[in-house]
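Shown here is one chain on its own, the form predicted alone, set out as structure tokens.
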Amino acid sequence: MTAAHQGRDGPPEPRRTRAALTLTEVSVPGRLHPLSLEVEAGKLVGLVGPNGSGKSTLLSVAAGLLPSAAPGRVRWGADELPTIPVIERGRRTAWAPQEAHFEFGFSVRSVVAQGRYAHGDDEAGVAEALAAMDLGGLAARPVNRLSGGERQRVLLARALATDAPLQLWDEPLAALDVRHGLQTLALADRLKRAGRTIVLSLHDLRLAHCLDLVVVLHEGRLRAVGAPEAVLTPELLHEVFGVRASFRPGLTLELS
């Protein structure tokens, strides 16, 4: 049914959508040229592109942290972002930045528990988020005494604790060792199988086979969107990244 359908006993029913995130002509002057993108619910989507191509900017716009120039529009599900109350945004979407700057020595657990602020600080799922990111043994440690990879896992655990259906992660794997990187990808896969939508940026194209959809950005422009095997061709990789690509047997790592 569409928004034009009139029910027998009430007003028109709202339009139903399977899109978790819809960006329409969003742009940021000097950083991101106008582009449109729709992300289906329950998908794992990767943003790829050279440094400065607009990946972080696009994620920030999608998260509502950076405004788009007119006439750009952001929609979460069926709702336009400006119509969603701020506290409700914290329940519907989680943001994990690529850099963790902690000026104060809050404990790891207290930072992860910040993910429950929009839920009334009920701390539901905090212990599970700590365990999922292998932080149980560090729960009492001050966050400003952690390594870069450990701090990144704290940010991911905080996002996980929100239980938000839309997860936006900016370069979540960059600071992680190989095991925690694989665990994070496995976690993202479990989340999508549970109906969550994960949009993340990454640089290691060898991991693209884990994705449902690849979004390629180049010089602030949307260059390609599609399944990894259809998009990441040798021709496109040469054009966008300036590298020659070949497929050959090599080292493959999996969780034991």
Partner chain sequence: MSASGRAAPSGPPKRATAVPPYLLAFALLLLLAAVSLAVGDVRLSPAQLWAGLLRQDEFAATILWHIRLPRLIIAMLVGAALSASGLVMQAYFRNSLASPGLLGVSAGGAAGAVVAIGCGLAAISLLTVPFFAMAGALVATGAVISLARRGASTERLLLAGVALNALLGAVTSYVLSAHTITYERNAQILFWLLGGLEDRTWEHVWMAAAIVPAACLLLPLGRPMDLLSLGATEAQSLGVDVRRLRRWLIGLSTVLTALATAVAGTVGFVGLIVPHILRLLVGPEHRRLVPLSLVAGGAFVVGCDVIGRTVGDLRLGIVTSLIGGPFFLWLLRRGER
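Numbering follows the first chain given and starts at 1. What you see is a predicted model, and the numbers here were worked out from it, not measured in a lab.
There is also a form predicted in complex with its partner chain; it is not shown, and the following applies to it.
- Taking the partner from elsewhere, every residue among 93, 105 and 121 has a non-hydrogen atom within 4.5 angstroms of its partner chain in the model of the complex.
- Within this chain, residue 185 is remote from the site of its partner chain in the model of the complex, having no heavy atom within 4.5 Å.
- Remark: residue 97 counts among the residues lining its partner chain in the model of the complex, judged by a heavy atom distance of 4.5 Å or less.
- Its partner chain is not shown here, and in the model of the complex it never comes within 4.5 Å of any heavy atom of residue 69.
- In the model of the complex, its partner chain sits within 4.5 Å of a heavy atom of residue 110.
- Checking 87, 131, 178, 78 for any heavy atom within 4.5 Å of its partner chain in the model of the complex turns up a single hit: 87.
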